[in-house]
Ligand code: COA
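Consider the single chain below, provided in structure tokens and representing the form predicted alone.
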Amino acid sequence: MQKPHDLYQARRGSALDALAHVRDGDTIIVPTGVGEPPTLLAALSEQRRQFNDIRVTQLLAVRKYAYFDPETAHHVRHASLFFSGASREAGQQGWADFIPNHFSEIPSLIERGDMPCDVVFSIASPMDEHGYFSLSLGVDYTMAAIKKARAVILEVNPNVPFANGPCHIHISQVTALVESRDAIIEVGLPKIGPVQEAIGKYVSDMIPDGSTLQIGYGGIPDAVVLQLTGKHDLGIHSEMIGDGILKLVECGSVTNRKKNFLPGKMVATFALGSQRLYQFMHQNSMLEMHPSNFTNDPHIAGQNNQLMAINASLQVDLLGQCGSESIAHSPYSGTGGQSDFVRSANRSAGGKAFIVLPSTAKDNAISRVVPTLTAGAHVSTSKNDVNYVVTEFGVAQLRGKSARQRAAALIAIAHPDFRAELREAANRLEIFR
């Protein structure tokens, strides 16, 4: 049996060597966000005209590689599980694909063969003395893809933390690897304005000490996090770990001591933040990185008592339906883990699910609380699942409420300039009859 070091040397090569394992018609699975391997994807972009019908499937691309090109999409085409700034234009113009999904179910889509998986490209930590790499930055669906793929190709980078949890792959499972030393891309905290601060204050006041937090992707969930620094003994069971959570750890608000499920442990499936965050993750016994069918499964996540799920939306209608991922029919982001964690919090003893959004858009010209979702809008959280909706004007609690009660509560937290218009619309829709 070959030693890990010998296997490593035998499989190390250039990015062009690695691309030799990719065949026409392949689907390449790439991890979420900064788990993507830039050297490999840049090489694929440079060589894209040498391939035909390659599909790159990924959630939340963070770099706009040269393969994001409508002229060569028949060579290499992006398939998004959640659009980002890098991939959104391609999706809206129709030369990148969109795959609807719950984040919790992507691993099973791969395992069952509903989502093709021929090759995995991933960034990874350096190998340890036992021959293992950590895929700490994007565990998500990647571990399921590794079991299914014909070829697993790693980009090994010393800036990737070696995290704990079921996020490791042995050198014997690796087909080829390349090395890089580039800094991992950083995504900082957003600037917080008065609207975000007001929303954060409402949510913070409803989160008791000892709660376990799930923080969704976006500026307003981060704004909520920054309002929680005075809380005590918070825990983390989330899809994403970012700098907001790191701040709560550093100020002592997060201890994980009161968690009834995996006490003492923070749990996440991907990371998106600063170099400080990535350094914090390295061999930290407080943190475990798990696949998304563990972190986001409502049956599993809901075992946390007092689970507080905080997620953003673009629109909410008077029944409480949340259109969180498209502008009319045009895709903007994706479902991600929103409905996963809304359901998780609803299952949790003492749990609360918050949908947060400013009351208006376009400099107060458009109400985000609407009579009905814009035609073609993608429903992310259903009327049956939505719990708390929060704007800068207050909180509407919707579960257990009638359509009439829901409409009244949502109109009360809409921007004052639109409340009369919303009441008239509710009458036309016969909600108030």
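All residue numbers refer to positions in the sequence shown, first residue = 1. For clarity, every value in this text was computed on a predicted model and none was experimentally measured.
Only in words, not in the display: the form predicted in complex with this ligand, which the text now covers.
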Task: Full three-residue contact with this ligand in the predicted bound form, heavy atom 4.5 Å, for Gly33, Gly242 and Thr269 - done: no
Open item on the list: in the predicted bound form, does Arg368 come within 4.5 Å of this ligand, counting heavy atoms only?
Closed with: yes
- [ ] Tell me, yes or no, whether Gly210 is in contact with this ligand in the predicted bound form, where a contact means a heavy atom of each within 4.5 Å.
- [x] no
Open item on the list: Taking this ligand as it sits in the predicted bound form, is Gly235 near enough to touch it, meaning that at least one heavy atom pair lies within 4.5 angstroms?
Closed with: no
Open item on the list: in the predicted bound form, is there a heavy atom of this ligand that lies within 4.5 Å of any heavy atom of Ala151, even though the partner is absent here?
Closed with: no
Task: Region of this chain that lies against this ligand in the predicted bound form, out of 306 to 314, 178 to 186, 71 to 79, 162 to 170 [heavy atom, 4.5 Å] - done: 306 to 314
- [ ] Using heavy atoms only and a 4.5 Å cut-off, determine which of Met286, Ile192, Ile327, Ala86 is in contact with this ligand in the predicted bound form.
- [x] Ile327
Task: Gln227, Gln321, Ser333, Asn293 - the one with a heavy atom within 4.5 Å of this ligand in the predicted bound form - done: Ser333
